[in-house]
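A lone chain, given as structure tokens: the form predicted on its own.
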């Protein structure tokens, strides 16, 4: 959901991939404000849009009008997947992460700006970030900041959060920023806060788990010869996509010790992007938040 109203990330590359693939029916699984979907509709492609953010649904619907079917829900939800299957898509797009609107709206609780309540839910149900910080064990917190934030002092940070929540609040951006500063030192700054807040957001929304489940589900619902496109912003996301695409492109996935092939015996398709497509200088100049974006493409076997 990282597109903004004016400049969705890697917009031209996504549109070019869809057109060159001859796409006619596309699923935008992370609709956001509808930037990618509007461009796809503009070149004559039918679009099914999906998002679990109700405000994104409202804004995209207003932008796209009645010509696009829009579904409110997580992209890995069973009912959503049934509708995707009935749509018979030949192109599917995941633009992962957050929109600029979500980051800039303090009521959504994603920002480390002062005084923001820690929410971070992409869908307004279930425990929020403050609930997680209050209830998670030291081990769980440590794993979150180590795995999703690449933080070598994750255990110390987890212990500090646990200590602070025992005697006070751990519900606002200030609370978490102060805990980070206590462990990383006074020289820690916005890049550290962004990295560790992102780790917490990924955990609260089970983003990597949902992506892992969704990729094969959408692969299997694309028409033969269809194209799967994923824009990722986090190394964990990109790793999942890269490894999935690589495995699908193998003709055999049996363990090396097996004397003969007992698996599918054929590749499920072809990796189109040997290396990920990244934003160019012009896009980075107009949209600095695109700096970590990586686009990978996989074509389903005909």
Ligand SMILES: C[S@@+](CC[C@H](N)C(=O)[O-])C[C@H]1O[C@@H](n2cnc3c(N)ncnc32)[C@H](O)[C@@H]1O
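Numbering follows the first chain given and starts at 1. As the structure is a prediction and not an experimental result, all values here were calculated from the model.
Separately, the form predicted in complex with the named molecule exists; it is not shown, and the next lines address it.
Checked against the named molecule in the model of the complex, the candidates 197, 91, 75, 145 yield a single residue with a heavy atom inside 4.5 Å, and that residue is 75.
Residue in contact with the named molecule in the model of the complex (any heavy atom within 4.5 Å), chosen from 159, 221, 210, 153: 210. The stretch from 271-279, 238-246, 252-260, 44-52 that comes within 4.5 Å of the named molecule in the model of the complex, counting heavy atoms only, is 44-52. Taking the partner from the other structure, the named molecule in the model of the complex has no heavy atom within 4.5 Å of any heavy atom of residue 138. In the model of the complex, the named molecule sits within 4.5 Å of a heavy atom of residue 56.
Under a 4.5 angstroms non-hydrogen atom cutoff, the named molecule in the model of the complex lacks residue 173 among its neighbouring residues.
At a distance threshold of 4.5 angstroms between non-hydrogen atoms, residue 120 is out of contact with the named molecule in the model of the complex.
Within 4.5 Å of the named molecule in the model of the complex, a heavy atom is found for none of 23, 26 and 68.
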